[in-house]
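The form predicted on its own is given below as one chain in structure tokens.
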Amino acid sequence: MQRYDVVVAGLGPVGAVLALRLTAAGMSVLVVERSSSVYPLPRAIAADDEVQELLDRTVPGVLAPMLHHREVRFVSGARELGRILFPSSARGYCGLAFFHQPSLEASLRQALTCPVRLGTEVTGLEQDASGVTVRLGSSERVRASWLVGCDGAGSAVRRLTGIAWHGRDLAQRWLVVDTVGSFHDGFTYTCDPAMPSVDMPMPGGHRWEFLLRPGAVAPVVPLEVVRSVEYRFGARRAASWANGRVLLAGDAAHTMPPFAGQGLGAGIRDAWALGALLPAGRVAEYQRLRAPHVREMTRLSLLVGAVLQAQHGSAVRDAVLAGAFRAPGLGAWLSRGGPRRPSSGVLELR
């Protein structure tokens, strides 16, 4: 059997950052990914200043293609309710940037020096006090001191380990449309009671997300559409992010709605934290460090979604939100991002 310090299951941005961090720390790493190539369509799209810094420290220059310094607007009909410009960090990373996930994944993969097995899935595992025997495909087995599941919300690693999956999928259906080209380069929450929507730029195109209420007619987007898919967003968490020698990171450990743009960022923070804690033998600190920030950002995502989707009493919502943005002190705080807290403590890990 081939032996490694760590097997990383899943080669999205989270698995790639973790593998790069562990390799840089001198650990032997095998990455397995069930897909044979980078998923060609964009999924995650936004990164705050801390996540940008983590990515830039992992692969210098990876931020160059991103769109930086974009404002966020809340509108209702023709009325602007408020505007946010997230401030840059003390180290100069802008408060909000937008990326094209397939391009980001390709850049991260190019930097890998560890063995990578594409088209390979974890199909079984057996662990003991010293490590994990991981079955790949129908019969191959490898041995590792640790197995980390970075394999998404439907994580095979989580299922095979028997870790419970708590939470819920939200009732609302959302239509997500990605296009080539755009009408504008800003980020907009449109608080329309009939069909709330969110739209935002990405390199080379634009994204729209429309809430499909019962009887709603899907809108026409007069641009070249590269993806159109319906989602029910979820807010879920694993009962534990660690079980013996098996760990979970990213969507395998927790999911949140996209309304605060923190989903992928939470996974990148997980990978950075594990990249420091695992080589140092401090795995017990992992969930204690990361879970509070994940809970906080999940609550924020649910709150922003509730504000956006308000149907009954939407006039009151509009008046309260507009008044809050105009209020002395409170307005300035909201205009800088309000309750969004990009600092999670992972940058302080050495």
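Just count from 1 along the sequence shown to find any residue number. On a predicted model such as this, the values are computed, not experimentally measured, just so you know.
A second form of this protein, the form predicted together with a small molecule, is not displayed here; the remarks below concern that form.
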*Is V122 one of the residues lying within 4.5 Å of the small molecule in the predicted complex, judged by heavy atom distances?*
yes
*Just to confirm, G305 within 4.5 Å of the small molecule in the predicted complex by heavy atoms?*
no
*Answer for P342 alone: is it within 4.5 Å of the small molecule in the predicted complex, judged on heavy atom distances?*
no
*Tell me, yes or no, whether L223 is in contact with the small molecule in the predicted complex, where a contact means a heavy atom of each within 4.5 Å.*
no
*Considering the small molecule in the predicted complex, which of G275, P196, G95, P258 comes within 4.5 Å of it through any heavy atom?*
P258
*Could you tell me which one of A156, L212, I84, M202 places a heavy atom within 4.5 Å of the small molecule in the predicted complex?*
A156
*With the partner absent here, would G131, S240 and Y286 each sit within 4.5 Å of the small molecule in the predicted complex, counting heavy atoms only?*
no
*Picking from 71 to 79, 161 to 169, 250 to 258, 138 to 146, which part of the chain touches the small molecule in the predicted complex when contact means heavy atoms within 4.5 Å?*
250 to 258
